[in-house]
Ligand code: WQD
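For reference, the chain that follows is the form predicted alone, supplied as structure tokens.
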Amino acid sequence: MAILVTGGAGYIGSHTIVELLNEGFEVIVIDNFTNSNPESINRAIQITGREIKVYNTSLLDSEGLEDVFLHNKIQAVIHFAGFKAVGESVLFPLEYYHNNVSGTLLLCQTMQRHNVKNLIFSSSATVYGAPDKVPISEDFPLNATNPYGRTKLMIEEILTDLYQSDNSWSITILRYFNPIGAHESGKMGEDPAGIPNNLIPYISKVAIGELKELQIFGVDYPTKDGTGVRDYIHVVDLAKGHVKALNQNMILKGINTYNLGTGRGYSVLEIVKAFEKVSGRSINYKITERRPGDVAVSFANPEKAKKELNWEAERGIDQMCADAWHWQTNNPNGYEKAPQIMEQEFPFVSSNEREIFLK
């Protein structure tokens, strides 16, 4: 029996694969490598010494998706696949709704046909919008403020309706806060295409000299140094949270929602200072105007996950920054090799090809 991981070549997906393999699970990956690189899968194999079966297909390819379920005994699905850039979602909302929502509908329909009813869904703290207070608990009002967040909220509502219609499903919704860091080996990390949207990859590229300076959006927030405060969580802690959620999911029917965060907020300037400390590099930055829709403070109340999943974040901000810097210095050009090159080197499974393992 295998765990199917959609979007498994992505930043969070690839780190979760490592933790699943370390716990003895068999892993199958679906990814079309639109915004990820197959080299991340190769690195997961190097780290764990385990095999991974990879399907180069999209959730929107109903025939390819059906083929995955026909040829594998899948026990549960961890669903990461989807477009994820907030700013891009504002520019291209139809693409985001089509890809994220339609892809999830096709996935759930295929799961239903094959009687696979254990699902972990990768949601986001963006579903809370701009909450009136912190820390944010799972029972707070939901009010996403951009198309990306609304796709996550729509999918949460779809999954709730699905469970209400058939309570033999076991569905776990995980709302992430701000994942940063990298695998301690330095072999895996965040590898954004182009100019990074997220803080730590941007800081890393400034530190290594690839970018001139960091833009800090606003220093007039009601926080201790005027910059926005967020809950940053180490990606490995987040990945381990998925394993804990999966273990519960496979023995407990129902639909459950959990925040995955540290319960502590750090300002942008605090992150800059922490990164300077671990890297020994000075981070040049420029203050610019606030971005529309940004909130002053956002951090999680993670007590429910601690109580029910026996999970809590263990790594502090210094280790998050140190691991990110280790990844950046070991991989100044990220995973480097383009997906089309990697496909020539490693034969992936697709809907019309033989089943082949990456080794």
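One rule holds for the numbers: they count along the sequence shown, beginning at 1. Not measured: the values here are computed from a predicted model.
FYI, the form predicted in complex with this ligand isn't displayed, but the following is about it.
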Looking at 250, 101, 134, 216 here, can you tell me which has any non-hydrogen atom within 4.5 angstroms of this ligand in the predicted complex? 216
In the predicted complex, the one of 234, 230, 187, 150 near this ligand [non-hydrogen atom within 4.5 angstroms]: 230
Whether 178, 199 and 294 jointly form a contact site for this ligand in the predicted complex is the question; each needs a heavy atom within 4.5 Å. yes
Contact label in the predicted complex: residue 86 to this ligand, heavy atom within 4.5 Å: yes
Would residue 77 count as a contact of this ligand in the predicted complex, using a 4.5 angstroms cut-off between non-hydrogen atoms? no
So in the predicted complex, does any heavy atom of residue 262 sit within 4.5 Å of this ligand? no
This ligand contact at residue 245 in the predicted complex, heavy atom, 4.5 Å: no
Given a 4.5 Å cut-off on heavy atoms, tell me which of 252-260, 222-230, 90-98, 235-243 is the interface stretch with this ligand in the predicted complex. 222-230
Using a 4.5 Å cut-off on any heavy atom, which residues of 250-265 would contact this ligand in the predicted complex? none
